[in-house]
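The chain below stands alone, shown as structure tokens; this is the form predicted alone.
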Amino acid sequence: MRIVKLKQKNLNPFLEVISENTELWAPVRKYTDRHVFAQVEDVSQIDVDYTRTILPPRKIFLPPSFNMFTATEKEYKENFSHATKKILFGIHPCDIHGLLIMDQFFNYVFEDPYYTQARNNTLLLGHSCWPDEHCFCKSTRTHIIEEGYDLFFHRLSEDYLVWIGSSKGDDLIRLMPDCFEEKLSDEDIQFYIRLREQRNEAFQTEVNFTAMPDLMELKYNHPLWEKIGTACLACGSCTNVCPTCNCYNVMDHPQLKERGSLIHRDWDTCTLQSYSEVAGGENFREKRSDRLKLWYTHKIQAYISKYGKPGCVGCGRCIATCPVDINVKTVSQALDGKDVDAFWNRLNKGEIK
């Protein structure tokens, strides 16, 4: 792995050159204080001063709704139009970890070609970040990244230290070699070390993930789940913003004139009542508490046993999104025996009517 230096003023010219024949996706500001990953035509739209996007980057690889294939009486024709060549710039370490988990999931037993083809056609250009009060990626050990990217940009005062993580990333550097310096000064190195230490100390939220698998098992039938289920709106927001959620539904859209059907793949979520319904109207998880328990079992227990890491990357999106404070932080703290200051807990205490 090689590290080079880039002047900040040369970043936008570099992005313009490498994206001449490729879609460039990057964080852009939406509304006053929110950001989204969007396709960028003008690099001046890019805003790297963000903490998290509304939706995670998985939307770029598996859109919320897309056509998988067209079926007729005689054949079916696959549709990979979403898997265009892309460069994704500005992705943070926790979101790269989320994609690494998705890589494992969608190749665990059978390969999902709709994900893997889009993933293989996308170059990842990571960017450093600074935690806010919702970030707990230090607890999940996803606050730093050592793999899964082609280039990674660590911002200093006026420069970037750029980690080259793949041969494809090295090819990008070679498109503008004069903009990159091979030699790093001791001052650059010391500044980076101090900045990394300061960032580690800046985390305000901590979750005890070491204890979570056992606590999930020990408290699987705990009254806590009924308390949380009482407040849950079953809106699906937490799963829509989660970087590692992967549930989907397949819908048949008949095209009568063409004597065929479009087979759509749509995001779905196990926290919705309709998700567990089967033929005849039976629902094995009709209660919100049961659906929440399933989701948290996946996130902080089952993923660890299968993939060696939790299904949570500490991005804080569920904290920032849930209107009734049901999120990985509050649920984990409650499982750990803490009296949580959260809407759902105050509601069950009768403090809110």
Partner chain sequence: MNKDKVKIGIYELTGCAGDALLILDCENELLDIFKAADIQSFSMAKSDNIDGNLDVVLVEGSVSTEREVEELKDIRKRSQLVVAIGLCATVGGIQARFTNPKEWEKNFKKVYGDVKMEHTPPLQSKPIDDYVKVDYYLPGCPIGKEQFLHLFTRIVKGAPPEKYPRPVCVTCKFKENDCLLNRDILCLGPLTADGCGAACISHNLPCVGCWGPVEGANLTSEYYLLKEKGFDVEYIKKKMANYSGTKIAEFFEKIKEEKK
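Values in this document were obtained by computation on a predicted structure and should not be read as measured data. Residue numbers count along the first chain shown, from 1.
There is another form of the same protein, the form predicted together with its partner chain; it is not shown, and what comes next is about it.
At a distance threshold of 4.5 angstroms between non-hydrogen atoms, V43 is out of contact with its partner chain in the predicted complex. Contact check for A234: a non-hydrogen atom falls within 4.5 Å of its partner chain in the predicted complex. Using a 4.5 Å cutoff between non-hydrogen atoms, G229 counts as a contact of its partner chain in the predicted complex.
Taking non-hydrogen atoms only, F37 approaches its partner chain to within 4.5 angstroms in the predicted complex. The stretch in contact with its partner chain in the predicted complex, judged by heavy atoms within 4.5 Å, is 255 to 263, chosen from 255 to 263, 192 to 200, 150 to 158, 124 to 132. The contact with its partner chain in the predicted complex, taken as any heavy atom within 4.5 Å, belongs to L272 out of L224, L272, I87, C179.
Taken together, L55, T321 and R346 are fully in contact with its partner chain in the predicted complex: each brings a heavy atom within 4.5 Å.
In the predicted complex, its partner chain lies within 4.5 angstroms of at least one heavy atom of each of the following residues of 275 to 289: E277, R288, in sequence order.
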